[in-house]
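Coming up, as structure tokens: structure 1 and structure 2, two forms of one and the same protein chain.
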Structure 1
């Protein structure tokens, strides 16, 4: 096997998002270009400009999590390529070991997510409450998030209602590549949150990435019902479904 295949296999085994573009027809048949989630790559289709063009197209598919065929005009050529996108299981990072987080972990696990619970409060973040999570990290979330290599396959929910925990975590999340960012709280709570985030230097465009009130409006009130509403919204976002929420 060549270095590109070995690099592709290593990325898959390490759980790194990766796309492999292969030319299907013409004089470049069989040539490959590997594209990682951070936009870097390996291999060449013979011309740097063509590599950049295909890398950009492959990165778009990678961000959407979709494999597919591409036709790329290049000079007198029309390249027919197949882009094989490989993503690790989606991740759900839950900031706040609150009661809603318990059923949220359960539902996310069923849907195939890798679940990570973050909370600095050891009284809540206990193995007894979150033995079903893949990871339970008892530290300040804003300190941990930069260590988690957040990408387009990651969703983040912020649940504590504690400004000193939620706001620094959100300030980091909105500048990450996370696919979904949601925060628990009423519109009034979110308005206060927005004011604080702006004081922290977060832009309007970055704040607009936060879905608040979090979850689809299913009318539920119990922790389990709210957890269902959150997961329903996450599934809809991941599937690029059209969402119209009169609360926002």
Structure 2
């Protein structure tokens, strides 16, 4: 393996967004240009002017987060390129190291998420129960959330059933850029939660971002079935699937 592959692998492993342009046909077949989000990169297609041109197009695709095919006219040539875009994995932040969280981490891992479990209660948040999570943070979730750089690629689920843990975490989550926010609990529990959040100064619009009762209604009851329902909803929301009504 050469320097381009090594740099590419490193970016993928570190979750750094990266585009890799490859010439698919003609005399330059197989030549590559690696481009990072800041426009810097590695490799060459043989001519600096061409590199600049392709780097610009690859950076546009990278910013859009989509792999794509490019045709770049260059003198007498017309270059046929594929630009492969690799984005960091989505993150699932789980507030509450409860029983449901155990299969939830398993399923989220399989779906390619980076899993982070937060719970201040050391009896729940043990490495024995959560050795499969990417991160286990034994502190108050509401204190940790602001340190996690929550972005559109982050989903948050709140599972403790304990108002003094859940509500401050939710109050922070609804003002973050998180793509998905779900809270465990019945409609009755959620109604009570909404009242408390309002008292905390959270707006109706912010509260409406919380998906509760959490998960698609698959009729399941076991922790594993509920974990599937939660992941199914997260997948649907991330894919803008029609079955997930944003006004729910």
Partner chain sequence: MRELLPEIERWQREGKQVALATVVKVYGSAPRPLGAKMAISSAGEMAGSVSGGCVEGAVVEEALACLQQPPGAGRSRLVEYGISDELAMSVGLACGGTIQVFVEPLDW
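If you're wondering where the values come from, they're calculated on a predicted model, not measured in any experiment. Under this definition, the rigid core comprises the largest set of C-alpha atoms superposing within 1.5 Å between the forms. Numbering follows the first chain given and starts at 1.
The second of the two structures is the form predicted together with its partner chain. For the motion between the two structures, residue 86 lies in the same rigid part as residue 13. Annotation: rigid-body hinge motion between the two structures, rotation of the minor part against the major part equal to 54 degrees.
Structural comparison between the two structures after rigid-core fitting shows the C-alpha of residue 34 displaced 14.8 Å. On rigid-core superposition between the two structures, the C-alpha of residue 17 is found to move 6.3 angstrom.
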